[in-house]
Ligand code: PEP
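Only one chain is shown below, in structure tokens, and it's the form predicted on its own.
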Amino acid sequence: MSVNSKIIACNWKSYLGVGESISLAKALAVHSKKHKMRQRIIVAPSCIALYKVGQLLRGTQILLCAQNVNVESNGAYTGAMSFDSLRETGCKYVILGHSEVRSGKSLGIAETDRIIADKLRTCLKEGINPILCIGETLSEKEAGLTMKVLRRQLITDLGALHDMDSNKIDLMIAYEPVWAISSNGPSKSPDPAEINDIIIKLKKLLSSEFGHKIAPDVKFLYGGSVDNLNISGYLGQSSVDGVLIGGMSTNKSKIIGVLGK
């Protein structure tokens, strides 16, 4: 897979207000219509901006993503984002299991592997494609537990795959080591070759646990302090299918510069 054909997923988190999200979406839509981008571009605005951004991106090459979703399709769930609502916005993807959600930093309540697994199962049932985030903390890395943690998250969170046909799955897995995320203040970005080696191991684990029919179709992204200066190093790795970008993706000049022409 060449660099130009890889995936660039943009998680805007809560960095942008509605007006700022609209402004950035308009700029991306204009860029998309002027240039035939060969990458698969995905943007995940905040839930309050999701519908309007979705309207602006219709007819472009850019795909819409939600930052989270409720485990149930719809119903009496105050404050929750339902699958029916996501479909109405034109959403194709949803991020699950981000470290900020697993830790409780985003929602105030930490989501467990079991909750994430239930959401992923409903995603596959409802036709919304999941981008599952997995990753170890600094203390787990220093204790030599990286692959043990990733194995637990992968096997538990993807339990629903045992019941799925391979032709129904459009799944991405984002390896986001918690210690490498910019908001956690890493001293430096991880070496791209190190990330590539871990993703190679994850692909082998996925194949051994869920079979050769499913594993080849799953795309692996890297996320964690990805910016306009180091993105090419990660995208240049043979086993890295794309990147999940946080804060940098909210900077119009930087993200458009990364997308190129």
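This structure is a prediction, so every number in the text was calculated from the model and none was measured. A residue's number is simply how far along the shown sequence it sits, counting from 1.
We do not show the form predicted in complex with this ligand, though everything after this point is about it.
Although the partner isn't part of this model, could you tell me whether residue 113 comes within 4.5 Å of this ligand in the model of the complex, counting any heavy atom of the residue?
No.
According to a 4.5 angstroms non-hydrogen atom cut-off, is residue 225 in contact with this ligand in the model of the complex?
The answer is yes: residue 225 has a heavy atom within 4.5 Å of this ligand.
In the model of the complex, residue 176 touching this ligand (heavy atom, 4.5 Å)
So residue 176 counts as contacting this ligand.
Residue-level question: is residue 100 within 4.5 Å of this ligand in the model of the complex, judged on heavy atoms?
Residue 100 belongs to the contact set for this ligand.
Decide yes or no: are 11, 182 and 244 jointly within 4.5 Å of this ligand in the model of the complex, with each residue judged by its heavy atoms?
Yes: each residue has a heavy atom within 4.5 Å of the partner.
Of 62-77, which residues get within 4.5 Å of this ligand in the model of the complex if you count heavy atoms?
Nothing in the stretch sits within 4.5 Å of the partner.
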